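What follows is one chain in structure tokens, specifically the form predicted alone.
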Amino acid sequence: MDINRRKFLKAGGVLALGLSIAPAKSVLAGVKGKYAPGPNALTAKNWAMVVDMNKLEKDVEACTMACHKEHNVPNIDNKKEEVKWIWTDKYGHLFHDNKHDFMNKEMEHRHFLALCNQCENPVCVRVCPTKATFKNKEGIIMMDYHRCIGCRYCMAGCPYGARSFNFKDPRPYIEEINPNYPTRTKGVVEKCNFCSERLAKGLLPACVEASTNGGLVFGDLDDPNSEVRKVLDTQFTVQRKPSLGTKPKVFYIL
């Protein structure tokens, strides 16, 4: 191979690499810019939540509606195609590790709030082939909708059923679009993000704000003086499927 051809191939390879990387960089730059923390941003090293069902029970519907309205979650009646960020389910489905044959019947059939557990050791991040799912510096498991190719590996990996797939265009199923949060497209996975876009503006998550009786406590798990840590230090709490080693950061007072 002569020197000119070698230079030509080398230059072509660099150009091709640049073209393949540029779109991803521009997408990430756009996402970073949109949710860049403002001067009043709420910050933490490791965001976590405590769900106190004894206080939250009357506010469950309000919390769900607030979350779904904030994030343009479509209202699709078909269970096989529904999209949900937070929802309710029975004790036996959510706390399988803590279920036994002599459970209190009222507790066994009671419904509890469920959402993404924002795991310290997230399976979904490891299995995502495009890095559309990633953990930010504050411990929140995020989604880059532009990078998602709809392979659903993250859905298969998540042991909490916290992810939804858009089998159809979700926009016709949104009653009133919130212009402050992007709508999604067909073929994209989505989930709760602890309202990272609200935290950047200095606002608490929508569900926490809708919980009028202190049923949802939000704070920095790494700060011993945070509200979350104060609750965890004084109350007995459980997690969902802790035996899997994912280290979920949503705790429950039952």
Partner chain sequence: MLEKALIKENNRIFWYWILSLVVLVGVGFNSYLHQLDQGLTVTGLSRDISWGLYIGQFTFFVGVAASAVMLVLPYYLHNVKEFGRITVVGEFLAVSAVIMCMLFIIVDMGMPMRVLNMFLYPTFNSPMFWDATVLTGYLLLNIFIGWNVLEAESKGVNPPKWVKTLIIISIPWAVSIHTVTAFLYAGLPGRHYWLTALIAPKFLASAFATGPALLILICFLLKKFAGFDAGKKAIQKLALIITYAMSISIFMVAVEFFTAFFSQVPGHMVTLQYLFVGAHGYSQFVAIMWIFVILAVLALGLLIPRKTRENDKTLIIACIFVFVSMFIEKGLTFVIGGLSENPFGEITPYIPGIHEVLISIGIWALGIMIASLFYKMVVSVKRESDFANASFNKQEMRDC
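No experiment lies behind these values; they were computed from the predicted model shown. Positions refer to the first chain, counted from 1.
Although not depicted, the form predicted in complex with its partner chain is the subject of the following passage.
- Residue contact with its partner chain in the predicted bound form: residue 150 places a heavy atom within 4.5 Å of it.
- Mapping the unseen interface onto this chain, residue 108 falls outside it, with no heavy atom inside 4.5 Å of its partner chain in the predicted bound form.
- Not displayed here, its partner chain is approached by residue 188 to within 4.5 Å at the level of heavy atoms in the predicted bound form.
- Its partner chain is not shown here, but in the predicted bound form it comes within 4.5 Å of a heavy atom of residue 163.
- Checked against its partner chain in the predicted bound form, the residues 116, 113, 158, 73 give one hit for a heavy atom within 4.5 Å, which is 158.
- Residues from 93 to 115 that approach its partner chain in the predicted bound form with a non-hydrogen atom closer than or equal to 4.5 Å are 93, 94, 96, in the order they occur in the chain.
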